[in-house]
Ligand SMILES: C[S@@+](CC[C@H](N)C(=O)[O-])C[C@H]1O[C@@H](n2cnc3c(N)ncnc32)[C@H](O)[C@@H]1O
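Just the one chain here, the form predicted alone, laid out as C-alpha cells.
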C-alpha cells in the first residue's frame, strides 16, 4: 500500500505540474500507475521511486511521473452525437460566418493519442469538399509527450480502430501496415499535434472557431477548472463553439457563452460573430 506521506508527495507533484487533482480515495489509482512506472524504470517498488523523486528529482523523472498519471482513454467519434452536431449544424454555420476570410480553426484541447482530432478531420474531409480551398487547421494538444508522439505517428491497432470507427471510413482514410492501421496523408495534412499543458498561458495558440475540451476538466479542482474555462473562452472566436464532456458542467462560465442544444448534444456558443 502507498503510504500517506507518499500519496501526499506524489499527488502534490502531479497537481503542481498538470493541475490533476488526486483527492483522498484515489490512492489505488496512484499506486497502480506508479507500480507500472517502477517496472519501466527498473525500480524495486514505490518506496524506491519516492526516495528518488524526493531527493534526486530530475525534469525527466518528473515528466515520467506526470505521464503515468495522465489518463489517455479515448476513441474515435467518442459519444458520436457531438460529431453529428458538427456535421449537421455547426460547420455549416461557421462556414457562413467565415465566408470572407475562408479560414476555420479547430482545437482538440485534450487530444490524447489523436482519435478526436482525426475524427474532426474525417467529418471535414467526408462531408465538406467545399473546404478544400479554405485554410482549415485542426490543432491537437495534450500534456503527455507519449500520447502526442503516437497521435503524430497516426498508427493504431486493430482494437483501437474497432472502437468507434465505421469500416467505410477506416478503408477510406487509413492504410493497413502489418498489424496496424496508418492515417493517410490526406487526413494528416489537416491536423497538427503538439504537447501543451492547459495550466500554461495560452500564448501562441491563436484563436479558434470550435474547441473540444472533453473529459479533462473532471480531473481538476473547481478553481483550476474556472481558470482553464476562462482561458478557453478568451481564445474562442465570437460565434464559436465550445464542447465539454457529457459529465462536465462549467461553473461560472463567462456571460458571453450561451448554452446550445443540438439533439442530445449540449455545447456553448460565444456571442457575436
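Numbering follows the first chain given and starts at 1. Note that the coordinates shown come from a computational prediction; the quantities given were computed from them, not determined experimentally.
If you look for the form predicted in complex with this ligand, you will not find it shown, but the lines that follow are about it.
- Picking from 167 to 175, 130 to 138, 108 to 116, 153 to 161 the stretch near this ligand in the model of the complex, with a 4.5 Å limit on heavy atoms, gives 108 to 116.
- Residue 70 belongs to the set of residues with a heavy atom inside 4.5 Å of this ligand in the model of the complex.
- The closest non-hydrogen atom of residue 216 lies within 4.5 Å of this ligand in the model of the complex.
- Although the partner is absent here, residue 122 sits far enough away that none of its heavy atoms falls within 4.5 Å of this ligand in the model of the complex.
- Residue contact with this ligand in the model of the complex: residue 180 places no heavy atom within 4.5 Å of it.
- The contact residue chosen from 143, 90, 191, 104 relative to this ligand in the model of the complex is 143, the criterion being a non-hydrogen atom within 4.5 angstroms.
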